[in-house]
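Form predicted on its own, single chain, as structure tokens, below.
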């Protein structure tokens, strides 16, 4: 299905927000998720379904110098 992730259209076979994070290699990493303008708690990722056209903003943290 087509999702809009950080402003870019992406085609992903996902059913939940947690699936999206797994497919993008972000599982287990510190991530902030906003779905259609609503910030989700980590506990909501497995139960929040994704629908075609859904807008996701994903912010993940990296260290560096």
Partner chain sequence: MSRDTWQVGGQELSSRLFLGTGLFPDPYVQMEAIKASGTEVLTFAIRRIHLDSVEDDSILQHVEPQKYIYLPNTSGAKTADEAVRIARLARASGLSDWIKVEISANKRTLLPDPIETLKATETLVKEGFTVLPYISDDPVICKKLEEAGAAAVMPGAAPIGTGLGILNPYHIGLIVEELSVPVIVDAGLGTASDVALAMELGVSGILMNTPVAKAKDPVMMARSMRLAIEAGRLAYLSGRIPKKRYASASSGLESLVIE
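Numbering follows the first chain given and starts at 1. All of these numbers come straight from a predicted model, not from anything done at the bench.
Keep in mind the form predicted in complex with its partner chain is missing from the figure; the text below concerns it.
Although the partner is absent here, residue 1 sits far enough away that none of its heavy atoms falls within 4.5 Å of its partner chain in the predicted bound form. In the predicted bound form, its partner chain lies within 4.5 Å of some heavy atom of residue 10.
At a distance threshold of 4.5 angstroms between non-hydrogen atoms, residue 24 is in contact with its partner chain in the predicted bound form.
Taking non-hydrogen atoms only, residue 42 approaches its partner chain to within 4.5 angstroms in the predicted bound form. Along 1-33, these residues reach a heavy atom to within 4.5 Å of its partner chain in the predicted bound form: 5, 6, 7, 10, 24, 26, 29, 30, 31, 32, 33.
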